[in-house]
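What follows is a single chain, given as structure tokens, in the form predicted on its own.
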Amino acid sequence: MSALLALDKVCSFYGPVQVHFDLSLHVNQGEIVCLLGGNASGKSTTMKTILGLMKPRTGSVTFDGKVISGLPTHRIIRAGIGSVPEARRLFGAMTVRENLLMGAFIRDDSAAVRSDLDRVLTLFPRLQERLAQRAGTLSGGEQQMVAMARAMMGRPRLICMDEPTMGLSPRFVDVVLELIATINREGTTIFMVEQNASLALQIAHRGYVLQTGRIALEGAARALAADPRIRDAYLGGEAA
């Protein structure tokens, strides 16, 4: 089975500083794959590289069999990759409804957009109650729901999520992770960088562990959760 998303021997740099060293990973259609790692391991740079915010010096990123590394971000979004960025990046002065419709800016099928808006509001009923509210006045958990629903409005085949539970209360962490699992069950592939290794591995199918720009471990989520190296490094209270 060919991967939906693949990074092949990617080397990325910030000026003279190398961040990725022959980084290779893949995400198959229908999976939730998590990327774990400590601070400065290269996780966020991986997301930037996939989304075209950074161009690898060598290696390639492919989506649905086509090379996307080097393409501008808007073309990568149009190819079928959605983004839930770290810290959500909502338009705080705009309403929830306006933020959601911004997720469909690449589309011109207005009737289908209205149908999709109804669908995401069914999945996120809390947002239905807050459609006219400014996004910047929502709680952190509610803002995360808006960011996820906004990504879905573009009808992506793959959604990249960068630290989706960061800064959320324990109650909202559980809600957000269950929503991610639901979005996946409904047919959207998920690639997520997540600080909470324990919870990420509960909903993921597979995972990778990144250490100083190299893949140190990879495998089925259940096997990684049981691996003593993972437990000691990432499930015992250290940042993931």
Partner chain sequence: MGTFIDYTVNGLVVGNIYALLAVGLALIFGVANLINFAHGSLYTVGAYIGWVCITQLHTPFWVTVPAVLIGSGGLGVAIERLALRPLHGTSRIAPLLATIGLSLVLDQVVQLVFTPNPRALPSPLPDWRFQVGGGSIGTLDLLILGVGIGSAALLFVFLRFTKLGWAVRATAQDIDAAKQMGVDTDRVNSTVFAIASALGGLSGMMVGMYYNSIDPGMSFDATLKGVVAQIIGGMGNVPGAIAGSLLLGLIESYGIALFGTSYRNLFAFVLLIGILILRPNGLFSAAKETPPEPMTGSFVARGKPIRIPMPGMVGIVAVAALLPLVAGDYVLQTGTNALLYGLLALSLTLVAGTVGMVSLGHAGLLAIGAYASSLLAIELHIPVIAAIGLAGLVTAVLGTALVFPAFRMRGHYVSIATLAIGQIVALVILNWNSLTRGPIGISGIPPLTIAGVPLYDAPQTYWFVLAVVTGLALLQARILSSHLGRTWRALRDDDVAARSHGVDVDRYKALAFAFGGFGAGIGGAVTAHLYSYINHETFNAQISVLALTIAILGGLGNISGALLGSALLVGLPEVFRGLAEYRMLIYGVVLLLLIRVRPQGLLGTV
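Treat the numbers as computed from the prediction; the structure is a model and nothing was measured. Positions refer to the first chain, counted from 1.
One more form of this protein should be noted, the form predicted in complex with its partner chain, which is absent from this view; the next part is about it.
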| query | finding |
| --- | --- |
| Proximity to its partner chain in the predicted bound form, single hit among Leu168, Leu121, Leu138, Ala104 (heavy atom within 4.5 Å) | Ala104 |
| Proximity to its partner chain in the predicted bound form (heavy atom, within 4.5 Å), stretch among 62 to 70, 188 to 196, 22 to 30, 47 to 55 | 47 to 55 |
| Contact flag, Ile77 vs its partner chain in the predicted bound form, heavy atom cut 4.5 Å | yes |
| Proximity of Arg89 to its partner chain in the predicted bound form, heavy atoms at 4.5 Å | yes |
| Contact test in the predicted bound form: Gln144 vs its partner chain, heavy atoms, 4.5 Å | no |
| Residue contact check: Pro85 to its partner chain in the predicted bound form, 4.5 Å heavy atom | yes |
| Three-residue site Ala112, Asp116 and Arg155 fully in contact with its partner chain in the predicted bound form at 4.5 Å by heavy atom | no |
| Contacts with its partner chain in the predicted bound form, stretch 125 to 162 (heavy atom within 4.5 Å) | Arg150 |
